[in-house]
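To begin, one chain is listed below as C-alpha cells, in the form predicted alone.
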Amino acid sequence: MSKQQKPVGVDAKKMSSELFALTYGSLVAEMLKDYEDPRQVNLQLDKVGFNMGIRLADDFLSKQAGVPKCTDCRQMAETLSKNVIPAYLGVSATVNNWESGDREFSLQIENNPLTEFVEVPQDLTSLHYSQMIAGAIRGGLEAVHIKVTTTAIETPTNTVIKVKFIEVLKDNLPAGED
C-alpha cells in the first residue's frame, strides 16, 4: 500500500474554508432563485443558522469546559468574540457600539470567510449575505437560555453582527413535573 501524501504547498484548513465559502455562496444563490425576494432569503438563512447554532452550542460547551457562565452582556460579547467566532469561523471579532445600557452591541468580523469570493450585486442591497452567522449566534444563545435578536450587515471591509439582548429564558417543565 502506498502512503497518501498531502500536495506540497496546500493548507488543508485553508482549502476547507474556501470550500465552505464556495458552498455557502452556492446555497445563497440557489435560495435567491427559489425565493426571488432577498428578505425571504434573509429569513431562510437566519433559520438555517439558528438550527446550526443550537447544535454548535452543545459542541462548544463540551469542548470548552473552562469557559465561565456569562453573567452579563459584556461577558457574553467577550465570549462570542474571543472564543466562539474564532473556534467556528477561524477569524477574530471585535466588540463595539454598545447601546441601550449595555444591552446591545456589535460584533465586527474582519476577513469573514463567507464573503471571501463574493460580490453582492447592487440590486440585492437588502440581502444580508452573512445572516446565517447571525442566526447561529441567536440559536446558540437561545440554547443556553438567552434570547437575543441578531442582524448581519455587510460593509465593503467587514461584516457586522448586531446583537440585542431581550431576556433570559426560564426552563418550562411540563405540567405536573417538578
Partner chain sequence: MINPGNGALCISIVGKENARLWSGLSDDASRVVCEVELFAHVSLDIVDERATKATENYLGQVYSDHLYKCFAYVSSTGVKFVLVTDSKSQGLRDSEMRAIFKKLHHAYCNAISNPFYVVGQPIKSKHLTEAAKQIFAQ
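Because the structure is a prediction, the values reported are computed rather than measured. Residue numbers count along the first chain shown, from 1.
Just so it is clear, the following notes concern the form predicted together with its partner chain, a form of the same protein that is not shown.
If you check its partner chain in the predicted complex, you find no heavy atom from any of 35, 43 and 125 within 4.5 Å. For the options 118, 146, 54, 61, the residue carrying a heavy atom within 4.5 angstroms of its partner chain in the predicted complex is 118. Residues placing heavy atoms within 4.5 Å of its partner chain in the predicted complex fall in a single listed stretch, namely 126-134, out of 46-54, 126-134, 63-71, 146-154. The closest non-hydrogen atom of residue 22 lies within 4.5 Å of its partner chain in the predicted complex.
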